[in-house]
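Just one chain follows, in the form predicted alone, and it is written as structure tokens.
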Amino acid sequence: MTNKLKYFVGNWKMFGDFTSFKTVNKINQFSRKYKKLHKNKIILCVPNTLIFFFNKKLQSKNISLGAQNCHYYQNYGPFTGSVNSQMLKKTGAEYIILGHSENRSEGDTDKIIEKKINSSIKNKLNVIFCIGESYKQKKNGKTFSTLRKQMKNSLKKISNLNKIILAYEPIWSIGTNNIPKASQLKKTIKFIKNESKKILKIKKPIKVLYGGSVDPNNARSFSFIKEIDGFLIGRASQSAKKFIDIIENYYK
């Protein structure tokens, strides 16, 4: 295990209300006391309805708040029910998750995601860009070609690479309690880092998180894979105890 900065990102999905600030506050109290805080970056991506309220009450440098998606149009417009990156930035969001498989399944194409990434960066949001293969693609040996295509199609016109974090989320692992074998995960993360350097023509690799059934029970096992720069945590992040346990168990 290295001493590199590790990201612990919570994706609350469509869960939470104003009373959920109790969860955020417990995580915040933990972050203030935790001795290894200098090694961690905690980000909670909550529903849009909660970002401003949480940001106003939190007043903490230890936790950053983020959104989970946005409309691709960066200015105001006639898009009923939609929220753009400019609006999210004004609520207090610092990060945004884009390209999640759940959004892809509802119509987000690589081209749309590219527009969302550019819009978010222009509005000074840090982008957590999700990529991942389905079980069918994995079974047919198309994991690497799928990841390459997703990166190439959505990142080729990005201007500020310092605002991008990649998140490898194999679709077949999300919410299933099935995680890749350590050897395969290490190989895949290395591929993503090397391939992203080629696509973006950069020397220093982009940080890559892992997401997919991360919980307190398996957190420790990931600590031996030095290529992983952090985690995108789904359902477990909605519980302060589970989220805190993941961080603590990772360092045991």
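This structure is a prediction, so every number in the text was calculated from the model and none was measured. Start at 1 with the first residue shown and count on from there.
Just so you know, the form predicted together with a small molecule exists too; it's not on screen, but the next bit is about it.
Participant: Taking heavy atoms only, is Ile174 within 4.5 angstroms of the small molecule in the predicted complex?
Facilitator: Heavy-atom contact with the small molecule at 4.5 Å: present for Ile174.
Participant: If you check in the predicted complex, is Ser213 within 4.5 Å of the small molecule, heavy atoms only?
Facilitator: Heavy-atom contact with the small molecule at 4.5 Å: present for Ser213.
Participant: Any chance Glu169 has a heavy atom within 4.5 Å of the small molecule in the predicted complex?
Facilitator: Heavy-atom contact with the small molecule at 4.5 Å: present for Glu169.
Participant: So, Val24 and the small molecule: in the predicted complex, are they within 4.5 Å at any heavy atom pair?
Facilitator: Contact check for Val24: no, nothing within 4.5 Å of the small molecule in the predicted complex.
Participant: Picking from 75 to 83, 111 to 119, 98 to 106, 140 to 148, which part of the chain touches the small molecule in the predicted complex when contact means heavy atoms within 4.5 Å?
Facilitator: Among the candidates, contact is made by 98 to 106.
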